[in-house]
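Here we start with a single chain on its own, the form predicted on its own, put down as structure tokens.
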């Protein structure tokens, strides 16, 4: 393979992302984790599945960072996951230190890489990675909107008993309780969902989308979601590796767009070989804009809390 992606963190999200990348034959994969034997074992297990899954991606598991050198993309999943009763924000202190360290390690070895941040609290960890890497803002991207939109799409398909392939949805804002699903821009085969459901049912789906991660945490009890987060990160990676220029909702560092400055917020962006190649500004109603600004204020609180930490 002529492309390399390093996945930091060989837990459920990281290992599943490595599996998806390999089985799509997008790249060779380096899986890094601090726990001795875990990345090596999972990489070997995935390599042994390759003859059955029929791919020739090369997989390496390691506890060090040298094998990550010259990666095209680094997906950072490292950090502790949410447990029942925890919000994403509760992870701030612990994960800030972890994300800072791993970002410095990979940035020094892959100075031209694009970083995809998955660690929670997502928007705050993007700020940590941007500062630690000193990369251009176009090459530090948060995985949030793709996941949140996928959840919204799944719930729409369940509600209407239609194919998920026909559903399209947009979710803006921070990756948390203040995210902003946009029913007006969400559709089934081009038909706005506002014409297919009552306002009450739409609101119920919006609420379920906001609580999508917490719903899974409450069911699993010992961890958090990983299949859908891994798929979301890999869809972003694929658009960058193949220069597909997909329009996807991602956490991007805004500098005036949507009236928001110096903050990572989920918005639609064009993803290509250069990372974020364009931030797409869509027209919002006064109500939608107010919700987005409220979400931005919540992210700003996290950013301010980060500034008070010694990590």
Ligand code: APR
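Positions refer to the first chain, counted from 1. In this text the structure is predicted, and so the values were computed from the model without any measurement.
This protein has a second form, the form predicted in complex with this ligand, left out of what is shown; the following refers to that one.
*Asks:* Tell me, which of 160, 164, 204, 80 has a heavy atom within 4.5 angstroms of this ligand in the predicted bound form?
*Replies:* After the contact test, the surviving option is 80.
*Asks:* Since exactly one of 69, 44, 35, 273 fits, which has a heavy atom within 4.5 Å of this ligand in the predicted bound form?
*Replies:* Contact with this ligand in the predicted bound form is made by 35 alone.
*Asks:* Although this ligand is absent from this view, report whether residue 144 comes within 4.5 Å of it in the predicted bound form, heavy atoms only.
*Replies:* Residue 144: no contact with this ligand in the predicted bound form.
*Asks:* Within 4.5 Å, heavy atoms only: does residue 118 come near this ligand in the predicted bound form?
*Replies:* Heavy-atom contact with this ligand at 4.5 Å: present for residue 118.
*Asks:* Can you tell me whether residue 293 touches this ligand? I mean in the predicted bound form, with a 4.5 angstroms heavy atom cut-off.
*Replies:* Outside the cut-off, so no.
*Asks:* Does residue 156 reach this ligand in the predicted bound form, with heavy atoms at most 4.5 Å apart?
*Replies:* No, residue 156 is distant from the partner.
*Asks:* Heavy atoms within 4.5 Å of this ligand in the predicted bound form: which stretch in 129-137, 71-79, 193-201, 234-242 meets that?
*Replies:* Stretch with heavy atoms near the partner: 71-79.
*Asks:* Establish, in the predicted bound form, whether 150, 187 and 267 all lie within 4.5 Å of this ligand, using non-hydrogen atoms for the distance.
*Replies:* No, because 150, 187 and 267 lack any heavy atom that approaches this ligand to within 4.5 Å in the predicted bound form.
*Asks:* Using a 4.5 Å heavy atom cutoff, which residues in 274-311 contact this ligand in the predicted bound form? It's fine if the answer is none.
*Replies:* Read in sequence order, no residue approaches this ligand (within 4.5 Å, in the predicted bound form).
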